[in-house]
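Same chain, two versions here, written out as structure tokens and called structure 1 and structure 2.
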Structure 1
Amino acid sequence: MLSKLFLYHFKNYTEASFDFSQPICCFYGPNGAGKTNILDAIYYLSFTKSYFSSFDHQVIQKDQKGMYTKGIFDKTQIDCIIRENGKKEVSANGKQYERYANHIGKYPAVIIAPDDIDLINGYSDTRRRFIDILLCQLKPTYLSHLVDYNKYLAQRNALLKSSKSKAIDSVVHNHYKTELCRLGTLIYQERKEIIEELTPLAQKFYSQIANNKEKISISYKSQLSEGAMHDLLDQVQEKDFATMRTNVGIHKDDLQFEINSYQAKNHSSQGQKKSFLFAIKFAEFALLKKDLGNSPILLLDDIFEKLDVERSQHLVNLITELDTQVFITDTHKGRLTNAFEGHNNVQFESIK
């Protein structure tokens, strides 16, 4: 459980501290007050990076050169610092991590934010990112496999682009190709297995949120399901040289979401899509809890928008049954107090 949070020059916060005494904490206040930034700071302590900002310098308060955020998880103090020279340091009880990857998965978190609807509506890279974030927390080797795959992919693409001006180095090319196939096959298998585990859990959670009104399915789409990656690369080699990029691999993977056998992206209401999103994220939560042995922190940003009363109440019931620490934001205090009426383990914090 996160009991204390301290922010210094983090986004819009010059200096702020929060004490958490209840498993559910609700932040309320107007748009732009900084509610979402609190969730992002907690996420940063879990992942050593922001969920909402692509680059570290974007979490530093305007006109400042560094930032510091601290969290107390039970008896462990996690510090994340970006110094004035741009150097980032992450430590646990004063002991600095040599690699950020060694921290991932120790304090797991699952976040649901308004823009996450892109998981349903958006492009394939958003859905791949979702799978990758989940697997990076579950499997320490997955992140290194993914980093190496992307490195060899970039190197092979650079080699293909240079092939028009000079003869390609076949030894180097074969090396890149061999490593892409080895790493791609490992990643494919891990993604395939995790989606097989995720799907029935998502179906269960969706039934709870939607009160069994619809049936959902999740399909993993990968070119590697059609054959070995090495053979597939051989088949498209001429196309690769013509287009100067790698046309086969796990970087083309996607997920397909369906409600009652129709693609959710094109044939579902906003409420159905949001319910599907919640179901996927709660399934992620359940997998992390099962495999890591402790409950992830749940970060819920403005979750009640575009949900009808019935689905909202089912969602609240689900949240209160999860036996974990939950942080929720909303612009309306009344909506939060009504949602959690009768629950004594909730604290409310005004953010102005």
Structure 2
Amino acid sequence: MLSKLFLYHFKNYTEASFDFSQPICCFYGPNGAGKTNILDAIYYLSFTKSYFSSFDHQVIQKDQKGMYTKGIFDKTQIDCIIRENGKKEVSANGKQYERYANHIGKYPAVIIAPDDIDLINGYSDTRRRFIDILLCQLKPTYLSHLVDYNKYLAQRNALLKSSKSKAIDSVVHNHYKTELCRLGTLIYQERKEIIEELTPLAQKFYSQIANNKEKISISYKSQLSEGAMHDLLDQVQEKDFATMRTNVGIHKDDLQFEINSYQAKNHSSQGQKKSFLFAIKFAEFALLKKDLGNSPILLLDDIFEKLDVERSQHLVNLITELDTQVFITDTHKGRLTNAFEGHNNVQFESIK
């Protein structure tokens, strides 16, 4: 559990410190006060990077050159420092990590922010990335398979493009095909298994939030479910040569989200989509918790956005049952205190 957080020159905070004595902590305050930045700082301590800013220098307060965040997790003090020369240091109890990778995963976190609705509304690459990031945390070999697959894919596509000027060497081409099939099939199996594990969990969470009113389904859409990748590649070979790229493979995979058998992306309300997002992310949380043996911290940004009163209340009830540390932001104090009425393990922090 995170018991202390200290920020110095982090985003809009010149200097601030927080003590967390309860498993659930709610931050409330007006727009632009810096509620989300606190969640981002906690995320930073967990992943050694920001969730909202792609570049490290963007987490440093305006007109400053460095920043410092400190968190006390149980008995371990984690420090993240960006020095004035731009160098980043991450240390545990004063001992600096040589590789950030050795730190990531020790204090896991799952964040849910309004922009994450892209998982439902966005393009298929967002959904593939979600599954990939989850699998990378669960299966150590998954990332190297994926990286190799993408490299072979790029090489094969370059080879197909070169057919304009010269004949394609069949030995090289066959090697790329064989490797793509080997890696593609491995990745397909891993994705299929994880989605089968994820779906019932997400369905359970959605039912809780929507009070059993609707039923959701998640289905894995992959060309590889129609046959062996080698046969599929043979079938589209002519098309591949004409279009000069690879038309089948796990790089075309997608997830289909449905509510009562209607596609969520096109036929659902904003609140339904948001409930779906929570259900998937909570399922991710449950899988990570089971695998890591270390319960991830939940960071819920703008928690009640788009949800009706009833669903908000179900969501809060669900959170209190998750048995993990949770950080929540919302603009209205009243809304938070009402939702958590009767629960005494909650603390409220005003951010001005």
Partner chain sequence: MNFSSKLITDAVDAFSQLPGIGKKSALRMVLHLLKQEENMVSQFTNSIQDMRMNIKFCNECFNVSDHDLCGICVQSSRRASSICLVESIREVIAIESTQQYNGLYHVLGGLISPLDGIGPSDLRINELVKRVEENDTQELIVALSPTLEGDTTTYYISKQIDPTIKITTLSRGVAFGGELEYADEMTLAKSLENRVPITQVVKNDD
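These numbers come from a predicted model, not from an experiment. In this text, rigid core is short for the largest set of C-alphas that superpose within 1.5 Å between two forms. The first residue in the sequence of structure 1 is number 1, and each one after it adds one.
The first of the two structures is the form predicted alone. Core-superposed comparison between structure 1 and structure 2: the Cα of Asn93 travels less than 2 Å. Remark: with the core as the superposition reference, the CA shift of Ser268 between structure 1 and structure 2 stays below 2 Å. Core-superposed comparison between structure 1 and structure 2: the CA of Ile187 exceeds or equals a 2 Å shift. Here the rigid core is superposed, and Asn150 then shows its C-alpha moved by 6.5 angstrom between structure 1 and structure 2. Superposed on the rigid core, the forms differ at Glu238: its CA is offset by 9.1 Å between structure 1 and structure 2.
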